[in-house]
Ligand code: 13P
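Only one chain is shown below, in structure tokens, and it's the form predicted on its own.
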């Protein structure tokens, strides 16, 4: 493990005015996205869509990294491997390494993430393919009697084991514990569960001797549930989020990149701006999927003649989000 390389990569991901594009949708997820525009997913169509995003002129002004899916990291753009193409634009290539969610035994409504089996070998291969960082997502659901301590602890442990394997390979781990927006819970409940989850995650990271300066955290914002009758304002979300983080996230962590978690592009942008205005001891940025892509996807709809208009939409949203992370 070369700690200096880990630190350099983490710092590069948190470059001023830039954030990370999550373009790591699984085969099933991208099919669901495409169904909304009447398109059938295939490796060729998936690449055409991602090529539209990655080749957007000027996008490197706003992106420090892109999280790829296993299919994409093996593909090429204009005869150049996707990782090398991104690096040629000054964008770091990353890779999603978890293998999705499974039911937590004996706990209805709760999930754990799988993918630790064979991860060491997969990380070695991904490094050879050009990956500089990786991502593992855990989800915590708020509902009747959940989340349980068991669910939080199991997900925290798996995140820590993943992070350790990454750092041993010289790959920066993005640690993503997501408290889902799904549900009718209020801001206070999200605050409570987010704090408890992050506390458990950092306890396990410490136990596994993770180099905090060589990782990036990708959490949810502290936000009202989608079905809650009382929706918190951007200012309330910002204050709750920063206060939670100040209580549980060590200052040694170089950066926090928020997930959008089902927020609309405008919501994700406005809430990020409010959070970064308050600030903290870490760099605060974004790692958005749908919040960066949805508008461009709606314009593109799989047609070559729409590529330039879709790229314009993508660049405009990326610039807005970049400006939101630069409000402080």
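In this text the structure is predicted, and so the values were computed from the model without any measurement. Numbering follows the first chain given and starts at 1.
Beyond the structure shown, there is the form predicted in complex with this ligand, which is absent from this document and is the topic of what follows.
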Touches this ligand in the predicted bound form: residue 176 (any heavy atom, 4.5 Å)
yes
So, in the predicted bound form, is residue 62 in contact with this ligand at a 4.5 angstroms heavy atom limit?
no
In the predicted bound form, does residue 49 have a heavy atom within 4.5 Å of this ligand?
no
Is there a heavy atom of residue 285 lying 4.5 Å or less from a heavy atom of this ligand in the predicted bound form?
no
Exactly one listed stretch (313-321, 300-308, 6-14, 19-27) reaches within 4.5 angstroms of this ligand in the predicted bound form by non-hydrogen atoms, and it is 19-27
From first to last in sequence, which residues of 223-255 have any non-hydrogen atom within 4.5 angstroms of this ligand in the predicted bound form?
none
